[in-house]
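As structure tokens, one chain now follows by itself in the form predicted on its own.
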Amino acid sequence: MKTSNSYTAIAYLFLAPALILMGLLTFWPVGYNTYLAFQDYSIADGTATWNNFANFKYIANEPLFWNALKNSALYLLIVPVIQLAALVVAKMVNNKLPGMTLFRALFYIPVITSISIAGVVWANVYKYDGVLTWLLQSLGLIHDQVNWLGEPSIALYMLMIFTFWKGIGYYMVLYLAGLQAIPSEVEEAAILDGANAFQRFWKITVPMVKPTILLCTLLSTIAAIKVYLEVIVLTKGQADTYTALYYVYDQAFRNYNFGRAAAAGVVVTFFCMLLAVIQFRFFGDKK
């Protein structure tokens, strides 16, 4: 007869491959990055020398890094917008109507579209004489052509719209899974009690998908802080779209200063963890 210790050992045995891969591909890179943040690293001979926090002192006094952090913080504006929109869309497509599967697939297509291909398409949409300018001129909302990705006052928001289009389908699927776990009897009882659609949404749907809201908010917050690919494919950091992770890329692969890039990466990771803690306290279980 197997004891509880035997079951525990078997469980860890099954978990071991995943834990080993996670250690090699996640924890070891994070640990080595943290080590590099305190070193002067030479890519030529692979030597690393302790530099007495010089990398952190440098980025703390560099306006470019603070501006990048400011842009990454501003990018967080997309989080509540995309979460609310994804939840509403998930609620709408969570109906057993003809053609609903097609609508779900259409919303998910941007998620599986390569960001490089999507970037080429959206770069043409945002051109002076692109689709966006044509549409707004046709509606009489603007008269002159606009450099949507070249104007510093709006370029970052254009990237947010691209992120919104690319990501809403992903979060919709997660919310859809959460919605389908809600017993139909709960909503039927609310209907019998006279609750309207708005009341059912805020009093039943939102509280019962709270764990999913926490997960999606956490994922989208981290994605917003780490925004980088959108910048690469659309603006290359120009027009005040230089973000914190783009700074890390710039320092590592253009300036070959891996220590400074690692220090900036540690700061970005710290902010991600801080925001995660805040969100767990706000959306997490209070018990």
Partner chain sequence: MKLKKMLAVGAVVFGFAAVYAQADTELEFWTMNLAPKFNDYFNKSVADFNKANPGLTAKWVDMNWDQIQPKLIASIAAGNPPALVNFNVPWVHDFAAQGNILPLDQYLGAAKNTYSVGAIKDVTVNGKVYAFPWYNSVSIIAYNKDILAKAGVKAAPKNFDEFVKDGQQITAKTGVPAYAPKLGNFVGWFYYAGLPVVENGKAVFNSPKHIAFVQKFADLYKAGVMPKDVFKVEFEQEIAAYNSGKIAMMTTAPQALKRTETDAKAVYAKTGVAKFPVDAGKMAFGAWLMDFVIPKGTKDPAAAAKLGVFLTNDESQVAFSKATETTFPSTKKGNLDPYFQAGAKSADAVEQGRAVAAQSMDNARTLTIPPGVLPDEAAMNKKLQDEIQDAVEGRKPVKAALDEAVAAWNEKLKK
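Residue numbers count along the first chain shown, from 1. Note that the structure is a prediction, hence the values are computed from the model and not measured.
One more form of this protein exists, namely the form predicted in complex with its partner chain; it is left out here, but the text below deals with it.
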Look at the candidate spot formed by Y128, P152 and L234 and say whether its partner chain comes within 4.5 Å of a heavy atom in all three of them in the model of the complex. yes
Going by heavy atom distances of 4.5 angstroms or less, which of Q145, Q180, Q199, S116 would be at the interface with its partner chain in the model of the complex? Q145
Just to be sure I understand the contacts: of Q238, T47, T34, T26, which is the one whose heavy atoms reach within 4.5 angstroms of its partner chain in the model of the complex? Q238
Answer yes if any heavy atom of Y256 is within 4.5 Å of a heavy atom of its partner chain in the model of the complex; otherwise answer no. yes
Given that the partner is absent here, does Q251 sit within 4.5 Å of its partner chain in the model of the complex, heavy atoms only? yes
In the model of the complex, A60 touching its partner chain (heavy atom, 4.5 Å): no
At the 4.5 Å heavy atom threshold, is V30 in contact with its partner chain in the model of the complex? no
Listed range touching its partner chain, judged in the model of the complex by heavy atoms within 4.5 Å, from 120-128, 105-113, 78-86, 204-212: 120-128
